[in-house]
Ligand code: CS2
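Starting off, we have a lone chain in the form predicted on its own, written out as structure tokens.
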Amino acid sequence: MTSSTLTRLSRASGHGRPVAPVRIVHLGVGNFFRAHQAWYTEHAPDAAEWGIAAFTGRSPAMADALRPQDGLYTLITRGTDGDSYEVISSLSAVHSSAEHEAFLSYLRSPGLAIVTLTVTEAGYLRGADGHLDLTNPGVVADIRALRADPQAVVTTTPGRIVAGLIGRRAAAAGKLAIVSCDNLSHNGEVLATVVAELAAEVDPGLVGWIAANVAFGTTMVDRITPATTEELKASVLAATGTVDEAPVPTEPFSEWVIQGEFPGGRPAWDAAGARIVDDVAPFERRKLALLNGSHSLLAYAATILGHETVADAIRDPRCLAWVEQWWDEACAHIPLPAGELAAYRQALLDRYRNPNIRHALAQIASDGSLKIAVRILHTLRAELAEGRIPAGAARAVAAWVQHLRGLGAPVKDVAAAQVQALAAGTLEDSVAAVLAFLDADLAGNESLRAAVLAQAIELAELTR
């Protein structure tokens, strides 16, 4: 293959579909969005009617990479039997976050039906009470700017949405769905709250208009999407003869569960595999407990054994048995059919065993102070309420205790100083302190303290 035979990925070179009319605006052009929502839109049978205008976060780098490619990119699906390559055409336009007038223009259009977001949990700017942090400097600046000029440039996610809705109301452009696709429980409710609270600070009359004209959707999303590397760019070139500066690697598995109304319509995402449900909560619980909970268990316990990736760990019979025990406990408290839970467990094992997806346990281990409570405690409390001391849940807590005491993956936590202080003193002291940090009532349960201590001792002995 010579340089003369190579082409840059672009529609002019015959790649992808023609540009579809923009009916969706998306905030956050990361790899996950491009492997997930953009992929579902690409595979909807009415994809030709639903183009996406995507806006980057603070860095314009992805817009700079995708614009010369007309928004096209290669999705690399990394299965156990090798890689497959697909050009995704659903991005009709890509903008940097600085292009505020372009964003407002889309929101003023009657043809726009949906705004979606992948801005990470931090992008919602909530305070400790779950409400909009009105002391955040960005929030303060956006409120001040929008009070002075509804078309002013703003920088926060709630501020941008409020600015867009002010413009949409002024243009009488009609109703709209706004759908969070972030890995955040009750994400639609969270987004609705921070948007309404910022709107109330800017223009109290806007709050009622939003309630009457905007439907906030809640979703559960799942697809492992590693970072793009130069090696992956080279693999696209070798496999397709095409230069692509922004390919996306992902796993074969994908899931999207959607709750909410779409007053302006939506792509036939369900025909592409998405599930439209009345209540997303059971699916959130299933993912948090079975996928995220087992990930945390492996991140702390399997790294004590020296394993570095999920695929490494799940091949170890001891780790597999720990995961299965945890799943047995968790499934007893997830309100979904047993057959569906069994199928999901098998799908997780297939995903974990995929050697082409390198999911580092040390990365999963970060920020345990935020993760353990939402991933493990629901099952732990439910088991205790039924009179059982759950060995799987106790092991997960014990493994975190030993992690804080220096075993396994290194501690990287937003509250590192606070949680590492819990590990001081004897192991028995550490167990009591960690349980009290998680829930004061748990620390008072002598049987649970003894079970966690026994598991912590057993894990430490595995290093000898």
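If you're wondering where the values come from, they're calculated on a predicted model, not measured in any experiment. Residue indices: 1-based, along the sequence shown.
Here the subject shifts to the form predicted in complex with D-mannonic acid (CS2), a form of this protein not shown in this document.
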Partner-proximal stretch of 228-236, 287-295, 376-384, 103-111 relative to D-mannonic acid (CS2) in the predicted bound form, 4.5 angstroms, heavy atom: 287-295
Single option in V194, V221, V139, L206 placed near D-mannonic acid (CS2) in the predicted bound form, where near means a heavy atom within 4.5 Å: V221
Residue (of R168, R345, R78, H359) lying close to D-mannonic acid (CS2) in the predicted bound form, criterion heavy atoms within 4.5 Å: H359
Triple contact flag F32, N183 and I364 to D-mannonic acid (CS2) in the predicted bound form, non-hydrogen atom at 4.5 angstroms: yes
K371 within 4.5 Å of D-mannonic acid (CS2) in the predicted bound form, heavy atoms: yes
